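Have a look below at one chain only, the form predicted alone, in structure tokens format.
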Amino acid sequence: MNWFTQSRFGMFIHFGLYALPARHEWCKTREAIPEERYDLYFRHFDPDLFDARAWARSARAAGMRYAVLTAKHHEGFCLWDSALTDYKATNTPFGRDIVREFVDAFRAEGLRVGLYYSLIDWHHPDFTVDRMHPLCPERLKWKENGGESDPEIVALNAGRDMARYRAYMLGQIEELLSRYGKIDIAWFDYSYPGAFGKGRDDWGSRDIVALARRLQPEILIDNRLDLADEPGGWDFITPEQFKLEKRPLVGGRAVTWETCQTFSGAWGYSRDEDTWKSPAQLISLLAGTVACGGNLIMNVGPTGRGTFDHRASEALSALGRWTEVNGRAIYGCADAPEPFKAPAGSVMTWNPETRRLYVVLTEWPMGRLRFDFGNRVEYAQLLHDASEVKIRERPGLVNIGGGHEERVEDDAWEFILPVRKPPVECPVIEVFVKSGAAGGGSL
């Protein structure tokens, strides 16, 4: 687990047939697209500009330390040359094993590699129709109970056999975890247990975990197999599209976690989607995640030509410019120890090995920034250029005009900063903590 918590920042890549309709990776079920219509995308899948090395260079330049590729998403299309299906990239006009090119290129760039595998499969003939399936009638779709006994569903599921589908999944997972060398992460997605859904028994989750750990003993497994209550059933939790405000607890204990997020509102390439986050939002999300002791994996949805579109490239470049000079606030860092509270308009990370605090300024103050741990500070500097930040102890007084001062809070300290923000998004104050500072205990 150590490499994972040291890395803190990774790239998710959602790539599949849904890049061609370019209107959300769930379009097949959202629009109830019939199989024969969706098959057009299979027959025309030809990402001729795909270059896994370019993807890997973009990830590395953005400051990412690992990457996870969707080997198979919910549509059932496989990006590798699986012996168990014809529904795969090597049978399209493109004709290449994308998983092989991905793992080779990202490893060559010094990045750890992970593979995402969807438990859901809307293409496989044995995968039973449930509330999320494209064949589910609109009147039953998304409803969490009752649908499984509906006569129309019973008819649709006649001849479908989840036991055969489980065997298919295990065979494909064995291919992915035995053909491509060391795989660092297995990202399984996802369970929706209960009536008219699917959970651990439908997937054979225990067998999946046992197989993964046998084939790849050091692999990390996410928590979406519906095994939350079983020791060894998962290694990290995965809050999705949600910004946490504090370190999450499971059963009252802190756990390893990774939040998966998108640059915009879709995971697959979505041509007309326009809710793209600004560079400041992305940096705040990254730093805020680390400030809660977690990892951030940011998603890119390549186009049907196999490239990152200009909006994704611009976002990655903005993150790269920031991590290049401020990466010390991210890698190897976690949430700050109890005596330290983040000043207003900032999030704060802590590197326990170097004993340095990092105050990431999501709002630029007007020349000074109050904080309450001044007697613990030896030195401070702006991280992007190593310029000193002076520190001043100041009583809790404020000038209210007319020559009068009023006590408004306890005595505090201040970082003295320029009034004008430096030309960098979300500047960082690097704070060197005194060794054995009073009240610091073992910090």
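Residue numbers run from 1 along the displayed sequence. Note that the coordinates shown come from a computational prediction; the quantities given were computed from them, not determined experimentally.
Form predicted in complex with alpha-D-glucopyranose (GLC): not shown, discussed below.
K.L.:
Specify the contacting stretch among 183 to 191, 168 to 176, 83 to 91, 327 to 335, defined as having any heavy atom within 4.5 Å of alpha-D-glucopyranose (GLC) in the model of the complex.
P.N.:
Result for this chain: 183 to 191.
K.L.:
Taking heavy atoms only, is Cys260 within 4.5 angstroms of alpha-D-glucopyranose (GLC) in the model of the complex?
P.N.:
Answer yes; at least one heavy atom of Cys260 falls within 4.5 Å of alpha-D-glucopyranose (GLC) in the model of the complex.
K.L.:
May I ask you to state whether Phe9 is within 4.5 Å of alpha-D-glucopyranose (GLC) in the model of the complex, using heavy atom distances?
P.N.:
Phe9: no contact with alpha-D-glucopyranose (GLC) in the model of the complex.
K.L.:
Is there any non-hydrogen atom of Glu240 lying within 4.5 Å of alpha-D-glucopyranose (GLC) in the model of the complex?
P.N.:
Taking the distances in the model of the complex, the answer for Glu240 is yes, it comes within 4.5 Å of alpha-D-glucopyranose (GLC).
K.L.:
Considering non-hydrogen atoms and a 4.5 Å limit, does alpha-D-glucopyranose (GLC) approach Trp267 in the model of the complex?
P.N.:
So Trp267 counts as contacting alpha-D-glucopyranose (GLC).
K.L.:
Suppose contact means a heavy atom within 4.5 Å; in the model of the complex, does that hold for all of His14, Trp26 and Tyr116 with alpha-D-glucopyranose (GLC)?
P.N.:
Answer is yes for this spot.
K.L.:
Let me know which residues along 51 to 75 have a heavy atom within 4.5 Å of alpha-D-glucopyranose (GLC) in the model of the complex, or say none if there are none.
P.N.:
Stretch hits, in order: His73, His74.
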